[in-house]
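Next up: just one chain, as structure tokens, the form predicted alone.
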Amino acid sequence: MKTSYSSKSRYKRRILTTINKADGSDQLSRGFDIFIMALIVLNVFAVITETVQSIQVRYERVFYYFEIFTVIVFSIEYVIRLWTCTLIEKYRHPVWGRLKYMFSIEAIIDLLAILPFYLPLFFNMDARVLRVLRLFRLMRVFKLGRYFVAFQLIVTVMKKRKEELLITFTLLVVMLILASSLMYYIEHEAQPDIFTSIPATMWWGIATLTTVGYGDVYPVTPLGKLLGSVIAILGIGVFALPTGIIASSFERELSEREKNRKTTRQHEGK
């Protein structure tokens, strides 16, 4: 009985090793990684090309069967990851561990990759909702995060600098509210059909703070032009803050990783 349990455990661990990112020597795991990555890339390509009506009409059945194949593969992968996650220390409890895993970022991304296919089977939805759900298939590109260092690096940087980024985001929101409110009261009488309310004026605020300046909404009064100029200049500084934080964090993280690699090589050399 103990031998049977041990064999099952080894079998389960082998499956977990295969579906996780390959360490370089495991050819089966590497083959699985390549297969999943290729499937994700093809899915993104299919979602994009489907929007070309002539291609969609001509290859409608191909797109349909490819989507079914993809959902089957990703569904099996999701179930297997849910089954084997108890071998990971933080998910080792057979019930609560799996529930905890289901709410992890990776598991949520895996679920969102297949959910748009299943929802219309159980719920009646109008065409607009179905179009949005089809667009959600692009979430599958985030599954590549398991296999590319770049994705993992972005997540690490965002986690480490979340407090600084939250502060800059709060500052941006405060500036947007203040600028839009002031501009509304300055320009409302001169352009009542354009600056109809503070929420409507926020479109001008976003375009000005980001220095995009679409030109569809703009002040015409001297005071409004003065305020618009000040907000545009301040916007450059406000958006430079998160850019600087993220850039310096990337540089620091890359330097630390390079230092760790060098330390590992030195230890291996000894």
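When you see a residue number, it is the position in the sequence shown, counting from 1. Just so we're on the same page, rigid core means the largest C-alpha set that superposes within 1.5 Å between forms. Model, not experiment: these values are computed from the prediction.
Absent from the display: the form predicted together with another copy of the chain. The rest refers to it.
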Of the listed stretches (89-97, 110-118, 190-198, 69-77), which one has a non-hydrogen atom within 4.5 Å of another copy of the chain in the predicted bound form?
190-198
I246 near another copy of the chain in the predicted bound form, any heavy atom under 4.5 Å?
yes
Would E60 sit within 4.5 Å of another copy of the chain in the predicted bound form, counting heavy atoms only?
no
Whether E163 contacts another copy of the chain in the predicted bound form should be assessed with a 4.5 Å heavy atom distance threshold; does it?
yes
Can S229 be called a contact residue for another copy of the chain in the predicted bound form at 4.5 Å between heavy atoms?
yes
In the predicted bound form, does each of R13, L42 and N260 have a heavy atom within 4.5 Å of another copy of the chain?
no
Sequence-ordered list of residues in 35-53 near another copy of the chain in the predicted bound form, where near means a heavy atom within 4.5 Å
V44, V47, I48, T51, V52
Using the rigid core as the reference frame, would you say V174 shifts its C-alpha by 2 Å or more between the shown form and the other one?
yes
Superposing on the rigid core, is the Cα displacement of G237 between the shown form and the other one 2 Å or more?
yes
Cα displacement of V220 between the shown form and the other one reaching 2 Å, rigid core superposed
yes
